[in-house]
Structures are given as structure tokens and as C-alpha cells.
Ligand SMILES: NC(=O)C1=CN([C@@H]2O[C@H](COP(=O)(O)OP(=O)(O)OC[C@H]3O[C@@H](n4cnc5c(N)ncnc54)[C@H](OP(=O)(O)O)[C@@H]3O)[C@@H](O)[C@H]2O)C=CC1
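In C-alpha cells, one chain follows: the form predicted alone.
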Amino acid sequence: MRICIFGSGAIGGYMGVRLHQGGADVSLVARGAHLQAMRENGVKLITDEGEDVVHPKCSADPAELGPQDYVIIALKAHSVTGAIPSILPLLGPDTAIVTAVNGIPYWYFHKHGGEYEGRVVESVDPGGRQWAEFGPQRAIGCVVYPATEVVEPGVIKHVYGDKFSLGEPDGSSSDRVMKLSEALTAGGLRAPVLDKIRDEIWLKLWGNLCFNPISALTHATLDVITSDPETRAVARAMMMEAKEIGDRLGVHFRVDVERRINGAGAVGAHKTSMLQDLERDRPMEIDPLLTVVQEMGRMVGVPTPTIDVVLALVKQRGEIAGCYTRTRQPEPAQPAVAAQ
């Protein structure tokens, strides 16, 4: 089984180590000092149990790796469109693309059914390039739960979690998704195959869409955001707006809003990924986590007043810090009658 991890940073590198340990033929695409260190010294994974070093193929040029059985895209979601030309050489006639990215994936409305079937989500796939050049039929959904970090080039530290939920857009237990699950499981990871992967995508997004921007604006950690009555109320209002959007799209939320907020608070004094990106002068995942919910709200006729305010603020915060580039202008707000 030939598996390429495209974007072999904290999460991609962690997956690569575990897949390699499970016996898969793994290659990692990376760049810079991280790539050089992995080539020279292997990929080191630090866990509570100790340290492991593996030596998979590592490259900056996907063309030299050739077509794969699976390409796991582990980039920041806003980086995927720019990477399309580099990913295409990895695709053979039957290559599956595994979207291990935050937020709504490019294929979301493939095999969705109903009036939105085949719809492109502009916030995450501007101009529908991923849809057109990858093809939605290649896609396997993947919801990432572990927390990891690159502590130095070539060295990845595992913080917590080992689950990567998988699912076909049509909900089937296809041969390709079952084999991928088996490969991940062989490496010591949990990889349940879900028949409703969109529910899981929304469950994770439900927290990310509020906690990430609130943390970027306030620099507060999860325990503070969820315990302070005022920021908790803002998060709850955003989540309830998102829930109404999800409800109209047929999403089932298996936990209620208070339990979801409490679960985030239980993580403790954790900085969200958006706050970490802001502090490190890296591009922030605003569109895949927040703008996309606003876009989908307008699509289904649900007003998003709290989301709109927080989105406007965090976009400006990101622009001033040089961590966000406004790539699309917001569409006119839906008239209030659309929500009836």
C-alpha cells in the first residue's frame, strides 16, 4: 500500500511514523529544515512511552514519488488550493485523496443529496479548483483529533489523542476506506469508519469556529474562554447559529452545546491552533473554520449575526498581524425573510 503524506508537519509526520510502523509504504512531502532533518536523521516521534525513529522516503518533489494508492493531505486547509499542481503527479486513476484538514472539505456536497448536491463551497475551494482538478470522487473524509507539535526540525512530539475518524461521502464501507482504516490501525492508531462522516466534521468544527477566533482576539486559553460567563455566552451564540445551519443540512449533533463547551474546557489551559498561528506569525485558518459557516448560513437562509461580528474582528486582527489575506469579499447578507 503506497501512501503519501502531503504536508508532513506535526499531524502529517505523526501519521507517517505510525503508518510506517504498521508496514505501509509511506512517503512524506515536506520542505526546508524539517525535510533536511528527516532525510538525514529520520523522523523522531516523542510520546509518553518514549522515542521512536523511522526512515520513510522524504521528498520536496512529489513528481519523483509517482502515483500513490492514497494521498493524505495534512496541510492547513487554506494552503490546499495553492498546492494542487504539486499534488497532481501523485494521482493515478484510482488514487484516493484523504482530506485530513480542519473545517469543511472541498468535497462536502458530493453524494450529499438534495438541492445542494454538487455545490462548490467557495470559502474552502475558491473557484472550485479542488473539485475540478482532484475530483470529488477521489475523496475520503478524515477528522483529526490528536494534538502534536514539531518541537524541532525532524522531531514531532505527541501531546494527546490517537483517533482519525474516516468516512466515504456516500456513507459506504468501501474497500478503499476499510483498507486505509486497517493500515492506520496496524500503526497503533484508532481509525473508525463512520457512515455519517459529515456529522463528525461538524462536531469538531462546532468548537473550532468559536474557540479559535475568540482565543485569537483575547489570547485566552480554552479553560478561560469556557469558564468566563461572557466569552462562554459568545461561543454558545455562535454554536447555536451553526447548529441551525447544520440542522438544515441534515447534520445530527450527538452532543448538546453545553456538553461540547464543557468538553473544550476540560482540555485545560490549551492555546488553540489559531492563537498559536497568530503568535508565530503564521497564516490563520479563518476561512475554513469561520467564513465557511457564514457562507453556508447564507446558502440555507440562516442569519449568523454573532458569527458575522466575530469573523469581521478576527479577519481584521489577522490582516493587521500579517497572518490573513482576504481572498473573497463577503456576499450581501440574506434578507431576514429568508430565515422564515
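When you see a residue number, it is the position in the sequence shown, counting from 1. Quantities reported herein were computed from a predicted structural model and do not represent experimental measurements.
Separately, the form predicted in complex with the ligand exists; it is not shown, and the next lines address it.
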Just one stretch in 184-192, 234-242, 95-103, 171-179 has heavy atoms within 4.5 Å of the ligand in the model of the complex, so which one is it?
95-103
If we define contact as a non-hydrogen atom of the residue within 4.5 angstroms of the partner, is G318 a contact of the ligand in the model of the complex?
no
So in the model of the complex, is the ligand close enough to A24 to count as touching (4.5 Å, heavy atoms)?
no
I'd like to check something about A83: if you look in the model of the complex, is any of its heavy atoms closer than or equal to 4.5 Å to a heavy atom of the ligand?
yes
4.5 Å heavy atom contact, R31 and the ligand in the model of the complex
yes
In the model of the complex, the residue from G135, P146, P89, G128 that sits within 4.5 Å of the ligand by heavy atoms:
P146
Quick check on this chain: which one of K76, K196, H112, R119 has a heavy atom within 4.5 Å of the ligand in the model of the complex?
K76
Every residue of S8, G12 and R282 near the ligand in the model of the complex, heavy atom within 4.5 Å
yes
